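Shown below, as structure tokens, is a lone chain in the form predicted alone; questions about how it binds or moves come after it.
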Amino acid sequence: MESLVISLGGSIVYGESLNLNFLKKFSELIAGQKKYDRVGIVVGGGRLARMYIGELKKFGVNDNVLDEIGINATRMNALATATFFTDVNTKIPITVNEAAEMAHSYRHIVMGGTEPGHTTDTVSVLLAERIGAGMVINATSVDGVYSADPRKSPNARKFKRLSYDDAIKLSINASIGAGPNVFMDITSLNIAKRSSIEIHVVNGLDLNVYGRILSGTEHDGTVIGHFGDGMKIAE
């Protein structure tokens, strides 16, 4: 039984509003594919989470409470996403183990965040590890991993392939630099490395890219895996 996990960025699901047209087409594409028997989808909080957190921060609300609010936003987005699927859990799991148990009963398992300190990217890789998925599609608001934020730096270079170690170094540098451009957190990358889980960082709004990955066709995003020590730059 082959498994796949998709980390669906919150900005893909909820940008200016809930992206219903995308969710309909996305669910049809994923449900229609035949390669994977189980698909885990971990949904981020997006603008819904940022809106609540940003407003409450003005009143000095405790950071732990803000984290919990963000997690609940991811679960709202997850439940909205799940409604577009059949053969899917109707209750959103709150732990990776609970999601893994649901994988025995459903073809599609949709969830959000789990606990403070764990991003949905980390949850995605943990779920992949738990259900034996060898690949995670990290569907983001940009079309790959860059040397700098491409929205701010016109000279930013996109990487076609990255080794785990180079991706971790890039994530560390982005975390401590001005205007962080963190494509994935360090914890998620380390988990992917220890279990050899290949990561495809892609523009999540481009529905064609999912089909290309599922068919094993080359795509315009970035692949993170066992590629040696040198960074491979996309032309």
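Start at 1 with the first residue shown and count on from there. Keep in mind that what you see is a predicted model, and the values were worked out from it rather than measured.
This next part talks about the form predicted in complex with uridine 5'-triphosphate, which is not shown.
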Identify, from the list Val88, Ile71, Leu79, Ala100, the residue with a heavy atom within 4.5 Å of uridine 5'-triphosphate in the model of the complex. Ile71
Quick check on this chain: which one of Asp67, Glu198, Asp206, Asp166 has a heavy atom within 4.5 Å of uridine 5'-triphosphate in the model of the complex? Asp67
So in the model of the complex, does Gly117 come within 4.5 Å of uridine 5'-triphosphate, heavy atom to heavy atom? yes
So in the model of the complex, is uridine 5'-triphosphate close enough to Val123 to count as touching (4.5 Å, heavy atoms)? yes
Examine Ala49 and determine whether its closest non-hydrogen atom to uridine 5'-triphosphate in the model of the complex is within 4.5 angstroms. yes
Though only this chain appears here, would Gly40 touch uridine 5'-triphosphate in the model of the complex if you measure heavy atom gaps against 4.5 Å? no
Name the stretch: of 24-32, 50-58, 166-174, 187-195, exactly one has residues whose heavy atoms fall within 4.5 Å of uridine 5'-triphosphate in the model of the complex. 50-58
Interface residues of 200-228 toward uridine 5'-triphosphate, as seen in the model of the complex [heavy atoms, 4.5 Å]: none
